[in-house]
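In structure tokens, the next block holds one chain alone, the form predicted on its own.
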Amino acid sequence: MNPLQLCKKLYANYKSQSWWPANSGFEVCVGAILTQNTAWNNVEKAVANLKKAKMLSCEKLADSKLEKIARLIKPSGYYNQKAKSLKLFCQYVQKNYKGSLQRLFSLPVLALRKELLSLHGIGNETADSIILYAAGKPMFVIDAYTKRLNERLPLNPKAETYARLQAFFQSALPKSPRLYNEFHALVVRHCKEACRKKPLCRKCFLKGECEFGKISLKAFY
């Protein structure tokens, strides 16, 4: 099975996921930073706190004290580190792009990625989530769910690093932000419902094509 075939099978089973769950590009950026090492429901609580305090803006987060930001985003965990990352990201946009994400996102995709990765607390997955979901540019996101599926099916056992696995997916798929968006959301959905850390192989509709599933079911029976 190749990535495009997998995408079609996931879509046939789950349909469109309408992701990312946010109301603006800036909210996507905030969510991408906050979702590191935590569940999405914790991010939603943190974002709700920022909204309630009328702090969900680039200008306000750039000008606010770290202690205040940390207190509001506490549900997301690692709140001191994430507060620093949020504030520095917003200060960078304010200083270099006059507070305009559109100006930042007008950069060519690789230049945008390089710039995001230069910022404190923003790694590959966070940068790529911002590029895909906020900027709407074609950059496939590799996360723990994507790695898990790749290892278990497997799709490409040799793709052992983030860069190699990303290159593998992007070379196998049409260069479409909409497709990358939908595919990643479908992978997340499948790994939450079936291909969990402790997988539910018996209920998985891919069990007949998954090497991990075949071994698991054989051991069960």
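All residue numbers refer to positions in the sequence shown, first residue = 1. None of these values were measured; they are calculated from a predicted model.
There is another form of the same protein, the form predicted together with the DNA; it is not shown, and what comes next is about it.
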For this session: Using heavy atoms and a 4.5 Å cut-off, decide whether N23, K175 and N181 all contact the DNA in the model of the complex.
Result: no
For this session: Please check if V188 has a heavy atom lying within 4.5 Å of any heavy atom of the DNA in the model of the complex.
Result: yes
Exercise. E151: heavy atom within 4.5 Å of the DNA in the model of the complex?
Worked result: no
Exercise. Wondering, does A135 line up within 4.5 Å of the DNA in the model of the complex on heavy atoms?
Worked result: no
Problem set entry | Distance check, Y79 to the DNA in the model of the complex, heavy atom within 4.5 Å | yes
For this session: State the residue from K158, K192, K65, K54 whose non-hydrogen atoms include one within 4.5 Å of the DNA in the model of the complex.
Result: K192
Exercise. Though the partner is not shown here, which residues of 102-123 have a heavy atom within 4.5 Å of the DNA in the model of the complex?
Worked result: L119, H120, G121, I122, G123
